[in-house]
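Two forms of a single protein chain come next, each set out by itself as structure tokens; they are called structure 1 and structure 2.
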Structure 1
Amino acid sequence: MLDKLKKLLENIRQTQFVRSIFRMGGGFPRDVRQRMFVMLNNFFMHLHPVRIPKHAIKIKYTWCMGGLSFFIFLVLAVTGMLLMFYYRPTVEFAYGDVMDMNEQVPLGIMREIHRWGAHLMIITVWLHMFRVFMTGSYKPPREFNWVIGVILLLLTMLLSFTGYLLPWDQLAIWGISVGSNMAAASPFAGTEGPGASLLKIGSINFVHKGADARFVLIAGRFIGEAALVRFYVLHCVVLPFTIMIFMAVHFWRVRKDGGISKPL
């Protein structure tokens, strides 16, 4: 019986169809050669090298935090797309939509996963940075990858900032208020910032309430629907897209810089 099943599986594996999908034939890699082949012949696996020094897989060394940050990002992307099906970014609907989110479907915990996932990702990214620092892994030739890492950190925090505004509840709107008023305090670029009042010809100010850093952020002089749409687009399109590009470069650089850092 078992033999027959094995035979059947083997036959399926040998079909043109399966062989066309898995470049190495779909078998479970058994020997060293095959194990090296999986890594080389699979798009998702080839993010990794084939062989690595042993310390690089020690949890005690990497804490797995970079990998987990990436994984949680993927979870957030999937759950976020599900949430988008039920969310309308308007002042009229946003709050109600978020409130109903859990009732839309049975077992609706996608909002919970998305929200707690966002918190968790912040923690893992911070801890990842901490371990990279403590192992001195930012030193040459990895300096620039650290810089990319800082950009990733910034983008992660911006993603959460834009995200928690979307429910349009009290937390959201006061977060926007305070955040956008900080923008208004930027030197030269904001009406309330130092230097802005110097940028004028005669009595015409270049930087005023209708044209400053705050205005760009909330698309108006007061917080309202335009601001919600702006943050929605940033949260769902601009920032995820940007962070994916930087992540790609980050991973590529990890490999090009010689893999996980190791003692010389």
Structure 2
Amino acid sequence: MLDKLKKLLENIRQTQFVRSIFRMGGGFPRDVRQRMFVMLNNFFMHLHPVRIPKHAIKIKYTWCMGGLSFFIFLVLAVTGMLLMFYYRPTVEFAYGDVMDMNEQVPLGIMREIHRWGAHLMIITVWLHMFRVFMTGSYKPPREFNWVIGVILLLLTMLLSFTGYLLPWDQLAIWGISVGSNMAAASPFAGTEGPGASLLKIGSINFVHKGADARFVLIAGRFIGEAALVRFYVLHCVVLPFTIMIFMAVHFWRVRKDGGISKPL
């Protein structure tokens, strides 16, 4: 029985399907050299290092926060796409659509997974940054990847912030009102921020209530349908694609820097 199973596996290795995937001519890689070529020639695998240090698979060192953050992002992407089929970003339908999704199965479960996954991703990304800082993984030659990580942290928080308005209930509207008013206090970009008075030449004021950070964020002077549509596009298209690009650079840079950093 065992011999027949080995023969079956060997026949599978020699099929054109498997040979076309691994591009080695002999099926699955059998030694270190073949594994190296598989990693370098595969579009998805080439983002990872050929060899992994022993400490890199220890949970007590990595906490698995980076991998968990990426996994939760994939869960949010899948559940978010399912919810997009039944959500209409308009003042008339947004709240009703969210209530309908809460009462429907499996969409009700999908929205709860999406909501709790968003909270969990914030936690895992912060813990990942904390682990990187505590292990000194931000030091040369990894300082560039640390900057990429900080950008990903900010984008993750923006992703959560833009999704906060989509239910279009009182909690969402007043929460975004507070956040957008904080944008008005941005230095040199908000009407209430430091340096705004300096951006004035004669009678021309370059920063006013119709052209400041708050106006750009909510697409108007008050939170209405324009703000809902803008937050919807940012949450579903702009920010996810931007995060994917920076994630690819982040993973690629980890490989170029020799994998997960070693303990000091």
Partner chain sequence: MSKEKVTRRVFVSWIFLGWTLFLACLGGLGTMLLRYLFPNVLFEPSQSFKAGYPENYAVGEVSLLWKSKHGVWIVRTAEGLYALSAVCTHLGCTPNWLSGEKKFKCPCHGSGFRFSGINFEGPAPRPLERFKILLGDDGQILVDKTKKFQQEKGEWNDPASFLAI
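So that the term is clear: the rigid core is the largest set of C-alpha atoms that superpose within 1.5 Å between two forms. Note that the structure is predicted; figures quoted are calculated from it, not measured. All residue numbers here follow the sequence of structure 1, with the first residue given the number 1.
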Only one structure is the form predicted alone, namely structure 2
Core-aligned, does residue 140 move its Cα 2 Å or more between structures 1 and 2? no
Core-superposed C-alpha of residue 191 shifting 2 Å or more between structures 1 and 2: yes
Quick check: residue 105 between structures 1 and 2 - does its CA shift reach 2 Å or more after fitting the rigid core? yes
After fitting the core, how far does the CA of residue 208 move between structures 1 and 2, in Å? 2.5
